[in-house]
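Here you get one chain, nothing else, as C-alpha cells; it is the form predicted on its own.
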Amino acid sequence: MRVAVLGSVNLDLVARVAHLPRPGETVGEATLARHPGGKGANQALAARRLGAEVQLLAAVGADGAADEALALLRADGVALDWLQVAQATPTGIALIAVDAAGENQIVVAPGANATLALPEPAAFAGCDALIGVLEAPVPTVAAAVRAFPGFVALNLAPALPVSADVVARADLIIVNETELAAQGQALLDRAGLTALTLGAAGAELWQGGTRIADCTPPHVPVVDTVGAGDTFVAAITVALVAGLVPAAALRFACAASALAVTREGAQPSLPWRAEVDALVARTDW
C-alpha cells in the first residue's frame, strides 16, 4: 500500500532525568540526546517500517537541524519529494524531558511546521491512505482531508478545534484520553471508527457509540514512551487498510506501540514489521 502522511518534522532534544520537574523546579544531572522526531515524521517512518510505501508531506527550515531531523526518514526510504523548505523559518524543535519510569513532558517550538501549505493534488496521487496530524496547520490538514478520495486517518493531536465535517469525513480518528475530553464524547458515536488509546492499559475501538474491540498490550519494560502514540497511529492505519478486521488491527497496533516504549527516542524506537508480527503471534497476552 501507499500512504501519505501530512504532518510535522522536529528535531527532538531529549533530557533524561531522575524525575520530571515541578513548576519552578530545576532538575539537574540530566543526560542529553538528539533524535529525529515530530508526529508527522514519526508516523511516516513507523508506517514505512511496517511495510508501507510512504510519502511525507511536511515543512522544514533551511538549516542543519533539518538534516538531522530527516536522517532516518531518508535512510529507511520515506519519500520526501514534496517536502517544503521555509527559507526564513527554522526547523521545528521539541524539548523533551523523560524520567526514570519513561514518562515525559514535551514543549514544541513548531518553526517551519507552522508554514506548511496544502501540497498540489499530485502529491497524493496513487496513495491508498492519508494520515493527518494536528502538529501541522489545522486549515492545511482540513483541506487535505476534505480533498483526499481514499482512506483517511486523523490523529487529533494536539487537542485543537477541528470542524465537524472534517471529523465526519475521517474513516478513522485516533485520540488519547486527554484529546477525547477536549473534543467531546461524541467522537465515540461517529459512524466511522474512533481509536481511543489508554497508555499502559491499552486501547479501544469505537463505532456508532459501541465499543467494538479492546486490547490490553503485553507487559514490556518501559524505557521511553515518546513515539508510542505515533507508532499506534501508523500501525492501526496500515492494518485496517491492509484489510485486517478491527480487533486484529487493534491488536497489531497495541503490539507495535508496546515495542516502541522499550527503546529510547521517538524514531530510533520505532519497530519493524517482523518484530510486530512476532509479538502479535505470541499467545501469552
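For every residue, the number given is its place in the sequence shown, counted from 1. Treat the numbers as computed from the prediction; the structure is a model and nothing was measured.
The same protein has a further form, the form predicted together with a small molecule, not shown here; the description that follows concerns it.
Novice: Between Ala94, Val78, Leu205, Ala170, only one gets a heavy atom within 4.5 angstroms of the small molecule in the model of the complex; which residue is that?
Specialist: Of the listed residues, the single hit is Ala94.
Novice: Which one of Leu70, Ala59, Leu250, Val226 is close to the small molecule in the model of the complex, taking close to mean a heavy atom within 4.5 Å?
Specialist: Result of the distance check: Val226.
Novice: Applying a 4.5 Å heavy atom distance criterion, does Val108 contact the small molecule in the model of the complex?
Specialist: Close contact exists here: in the model of the complex, Val108 approaches the small molecule to within 4.5 Å, heavy atoms only.
Novice: Is there a heavy atom of Ala266 no more than 4.5 Å from a heavy atom of the small molecule in the model of the complex?
Specialist: Yes - in the model of the complex, heavy atoms of Ala266 and the small molecule come within 4.5 Å of each other.
Novice: Just to confirm the contact call: exactly one of 46-54, 31-39, 214-222, 252-260 touches the small molecule in the model of the complex at a 4.5 Å heavy atom cutoff, so which is it?
Specialist: Residues of 31-39 come within 4.5 Å of the partner.
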